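Single chain ahead, by itself, as structure tokens, in the form predicted alone.
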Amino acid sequence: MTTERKRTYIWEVPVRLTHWINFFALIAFSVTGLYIGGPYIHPYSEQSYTMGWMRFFHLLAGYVFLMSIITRIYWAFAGNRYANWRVFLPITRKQREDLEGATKYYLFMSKKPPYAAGHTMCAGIAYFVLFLLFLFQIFSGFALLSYGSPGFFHLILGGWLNSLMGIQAIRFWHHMVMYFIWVIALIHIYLATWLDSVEGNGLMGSIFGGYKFITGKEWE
């Protein structure tokens, strides 16, 4: 017997847009940041401007990333129930039950998939942690920038961090957090692909079109 599925609009445009902006920004940060920290391309002439271009694209990605995060924060209050800030924290009893069930499934202690229409509670908490790491990257990045380019704008965006940490510590953690983010991103891709194959609800495609195919098992 085939289970009837209902095509449901889950991810709104701002959610999908910021998701992909963050993804491509992460790639730009990694490529340019690794070069800035340890140049892996040798200049072919005295007129070569490789480091300058790397810094330019790193900063450009930083400003785009900053606007993406601001947009997502706004949409956490203005968006639908699947984008709301409440989905990232186990506030209700139902969310705590979902957290327990999803955790057991991911740890192979249960054979019942989470069946969440939006984020599972495990995913919500993971994204909340990822969001905090994003904020640290923004603050630490502008803190490093403020050394060579002081000003009120850079002070507000992260320059204040210099009074709490030394420049070497900021540079070290700015570099290391990039790896933490990539670990979470790779786990996210793996679990999303896995759940899509198990639940058959179009999870992977939903981040492109916004729609998932709900069976009625998902909690609201």
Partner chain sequence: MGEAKSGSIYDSLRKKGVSRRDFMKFCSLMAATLALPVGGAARIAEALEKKQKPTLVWLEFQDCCGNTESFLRANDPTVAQIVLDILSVDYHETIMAPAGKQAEKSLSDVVKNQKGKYLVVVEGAIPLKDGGVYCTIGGRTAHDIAKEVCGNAMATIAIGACAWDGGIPAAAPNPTGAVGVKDAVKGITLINLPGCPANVVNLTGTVVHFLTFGSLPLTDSMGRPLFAYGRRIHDACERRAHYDAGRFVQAWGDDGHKKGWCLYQMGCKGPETFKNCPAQKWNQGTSWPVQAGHGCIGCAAPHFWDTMTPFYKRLENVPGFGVEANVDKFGAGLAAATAAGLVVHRILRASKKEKSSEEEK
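Positions refer to the first chain, counted from 1. The shown structure was predicted, so the numbers you read here are calculated from the model rather than taken from an experiment.
There is another form of this protein, the form predicted in complex with its partner chain, and it is not shown here; the text below is about that form.
- In terms of contact with its partner chain in the predicted complex, the residue from 160, 63, 57, 180 that brings a heavy atom within 4.5 Å is 180.
- Proximity to its partner chain in the predicted complex, defined as a heavy atom within 4.5 Å, holds among 34, 155, 27, 70 only for 34.
- Only one of 119 to 127, 132 to 140, 80 to 88, 104 to 112 places residue heavy atoms within 4.5 angstroms of its partner chain in the predicted complex, namely 104 to 112.
- Proximity of 51, 168 and 172 to its partner chain in the predicted complex is complete: all three residues have a non-hydrogen atom within 4.5 angstroms.
- Contact check for residue 147: a heavy atom falls within 4.5 Å of its partner chain in the predicted complex.
- When its partner chain is considered in the predicted complex, residue 151 lies well away from it, no heavy atom lying within 4.5 Å.
- Mapping the unseen interface onto this chain, residue 176 counts among the residues with a heavy atom inside 4.5 Å of its partner chain in the predicted complex.
- In the predicted complex, its partner chain lies within 4.5 Å of some heavy atom of residue 186.
- Annotation for 186 to 205: interface residues with its partner chain in the predicted complex are 186, 187, 190, 194, 197 [heavy atom within 4.5 Å].
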